[in-house]
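Take a look at this single chain in structure tokens; it is the form predicted alone.
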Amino acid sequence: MAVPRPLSEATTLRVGGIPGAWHIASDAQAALDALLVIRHAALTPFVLGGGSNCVVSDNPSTLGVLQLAAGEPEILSSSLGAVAVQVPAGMPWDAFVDWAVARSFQGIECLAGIPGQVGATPIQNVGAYGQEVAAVIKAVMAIDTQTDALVELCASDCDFAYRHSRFNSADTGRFMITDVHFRLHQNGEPCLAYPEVRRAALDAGACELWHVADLVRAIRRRKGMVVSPDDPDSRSAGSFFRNPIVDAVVADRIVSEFPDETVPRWDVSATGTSVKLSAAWLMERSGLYRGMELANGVRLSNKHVLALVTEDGASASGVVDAAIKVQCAVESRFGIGLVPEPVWVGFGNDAMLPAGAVRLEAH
């Protein structure tokens, strides 16, 4: 067992206190053994990956942190232009993207530059620039903490939807992901579905998978979405709020209020009755702006309004206050509730959190 240290040292938001215990496991069996130790100590298990999609409380003493050591991908099979790959949950996600594009395996090139580890990607159904991991995940290997058994969940078992899975909704905290099976495409064409990526690729004359991955990283870097000690705007959890999905009538009403603008909107149903709107666009037209201070040590990014950024002296309670302030502004202006993307860790049942927050409860 490692000596517990503040979780602010291991999370990209740089907030979070000292947990009750800290274990590092080399494989699935070691993780199961550590889980039993954590449970015996009456602590709530918290699987820590890259710390990029969570807000940890200022007093997480009831948590038992469990980290999985990094490993290397293993090619399981290859046929008919598809390759099956098993990847340890502890492998850094961006390193896996590099591994894949270097071998001309297509399917995740537009997900380059996303912080965190492979095991975290199914939880949020990580997506960006026209791709989602749900499209290439074949199965998830995990420990079911209700039965203490190693289980395999096929993609259809995971309840994937936009920024959604069973792992961040009905079964938050139940499964500890140990490996992920991906089905990638050999020598496939890069995904250029997202206009910003397509324009960058055309301008650069880029056509290889690794070119597109590098272009995506450059785009993310400009928005402060690539974690770097040299970039204070990267002290964040990435995009903090999901793009809301609303009834088409609501979207049409908003469009009518801004006749001189092109309101970002995307149909998400075959009938056109559900529409996805841009959370960043709604925030900016609700009186919020880049660099705006929202709480002590917490502000909006100078590069991208959708990211909450912390500074020295920030606290988890300040992040809570900042997120609620954003929600109130958009709700007041448009009547739309923004839902935060990160998981809220170590907050008790009596803690006030932003509306729609998914919490890993401290017991």
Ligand SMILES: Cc1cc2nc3c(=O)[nH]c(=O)nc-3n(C[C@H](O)[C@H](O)[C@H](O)COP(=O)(O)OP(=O)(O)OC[C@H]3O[C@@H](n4cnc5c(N)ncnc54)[C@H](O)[C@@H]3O)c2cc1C
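This one's a predicted model, so the numbers in the text were calculated from it and none came from an experiment. All residue numbers refer to positions in the sequence shown, first residue = 1.
Not pictured, yet referred to below: the form predicted together with this ligand.
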Exercise. What is the one choice in Ile114, Val212, Ala100, Met283 with a heavy atom within 4.5 Å of this ligand in the predicted complex?
Worked result: Ile114
Problem set entry | Residue (of Ala316, Val65, Leu68, Leu300) lying close to this ligand in the predicted complex, criterion heavy atoms within 4.5 Å | Leu68
Exercise. With the cut-off set at 4.5 Å between non-hydrogen atoms, does Arg220 touch this ligand in the predicted complex?
Worked result: yes
Exercise. Quick one: is Gln124 in contact with this ligand in the predicted complex, heavy atoms, 4.5 Å cut-off?
Worked result: yes
Exercise. Would Ala295 count as touching this ligand in the predicted complex under a 4.5 Å heavy atom rule?
Worked result: no
For this session: Considering only heavy atoms, tell me if Phe96 and this ligand come within 4.5 Å of each other in the predicted complex.
Result: no
Exercise. Of these, 273-281, 116-124, 73-81, 188-196, which stretch puts a heavy atom within 4.5 angstroms of this ligand in the predicted complex?
Worked result: 116-124
Exercise. Quick one: which residues from 174-199 get a non-hydrogen atom within 4.5 Å of this ligand in the predicted complex?
Worked result: Phe175, Met176, Ile177
